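So this first bit is one chain, no partners, the form predicted on its own, shown in structure tokens.
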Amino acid sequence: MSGDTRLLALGLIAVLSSASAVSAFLSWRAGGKPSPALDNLNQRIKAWWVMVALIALAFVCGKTGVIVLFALVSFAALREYVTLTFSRRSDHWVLLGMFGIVIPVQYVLVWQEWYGLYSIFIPVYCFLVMPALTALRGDTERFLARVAEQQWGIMLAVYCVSHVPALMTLPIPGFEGRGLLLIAFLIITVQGSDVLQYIFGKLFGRHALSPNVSPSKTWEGLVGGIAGASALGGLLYWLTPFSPPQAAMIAALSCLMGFLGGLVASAIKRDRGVKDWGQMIEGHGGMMDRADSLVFAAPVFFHVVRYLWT
């Protein structure tokens, strides 16, 4: 374990330990009185301990461990997505291919570092083959809606998410073998922005940003969250090949895209009449509820780094 990785691990343990201590103090002060907000806080902190432990285990296993972890994330997120969409019996082979072919092939291509193919496998080849297979079945009822939902599902849950482990494949001069730290930088800043947006929104939120999509999101929360996460990104520049100002600017861009990803995910849930994508993660909802901000942030972050630093 490198010095930077060890320092990062100690920092995360310190943050989670502090959160657990605060939660324990609040529970003690509540004197055992029922408090849904406090219960939810405790659930979220426990879930974060588990998630950080799983990510740490994947990091210890190196490139293969990280790719397997995010392949499982894609599988869980796609499963949640598919349960909310309309399908017919004639779609079953396409759906089976989404899980049994598209996910494994996309992540094997990432593992092989075959950028020229994993960057177009889904948005070109899968997008052409899937509607063709559906048309061959001869079932035209809600054809366009069914095909669009399937394509959008693999784009969100598989293609976009796969850009997180793909960061390890970038040949950045002077940064060889440190792709895991780049992944840590992306996850910490984007997830940190989510937390800060929630905090700033609760403390200062007055103007709803998109009340019909997500009533809890405010302009104050968005500005405060992105500003705070940008400052955090600048402080974590040592995890990256960026200078402090560059790290802050890239963190701001990633967090803005993360916000838009969360907003789109909320719009989909509104359309389907559900509050959460699922119940997989205690206190957080489903896998997509936790990964929605990475969906938009990961590919943008990946390509900005690829075009400017490789």
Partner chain sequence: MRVLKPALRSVTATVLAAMARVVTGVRPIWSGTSPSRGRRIYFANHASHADFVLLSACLPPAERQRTRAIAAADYWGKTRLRRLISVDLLGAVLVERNWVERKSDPLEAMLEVLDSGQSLIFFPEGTRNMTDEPLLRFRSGLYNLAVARPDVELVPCWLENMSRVLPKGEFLPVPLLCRVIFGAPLAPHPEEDRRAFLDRARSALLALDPRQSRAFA
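No experiment lies behind these values; they were computed from the predicted model shown. Numbering follows the first chain given and starts at 1.
We do not show the form predicted together with the partner chain, though everything after this point is about it.
Proximity of E80, W93 and R272 to the partner chain in the predicted complex is complete: all three residues have a non-hydrogen atom within 4.5 angstroms. Stretch 80 to 88 is the answer when you ask which of 173 to 181, 197 to 205, 80 to 88, 229 to 237 has residues with heavy atoms within 4.5 Å of the partner chain in the predicted complex.
At a distance threshold of 4.5 angstroms between non-hydrogen atoms, F70 is out of contact with the partner chain in the predicted complex. When contacts are judged by a 4.5 Å heavy atom cut-off, Q43 does not count as touching the partner chain in the predicted complex. Mapping the unseen interface onto this chain, Q279 counts among the residues with a heavy atom inside 4.5 Å of the partner chain in the predicted complex. When the partner chain is considered in the predicted complex, F121 lies well away from it, no heavy atom lying within 4.5 Å. Residues in 222 to 252 all lack a heavy atom within 4.5 Å of the partner chain in the predicted complex.
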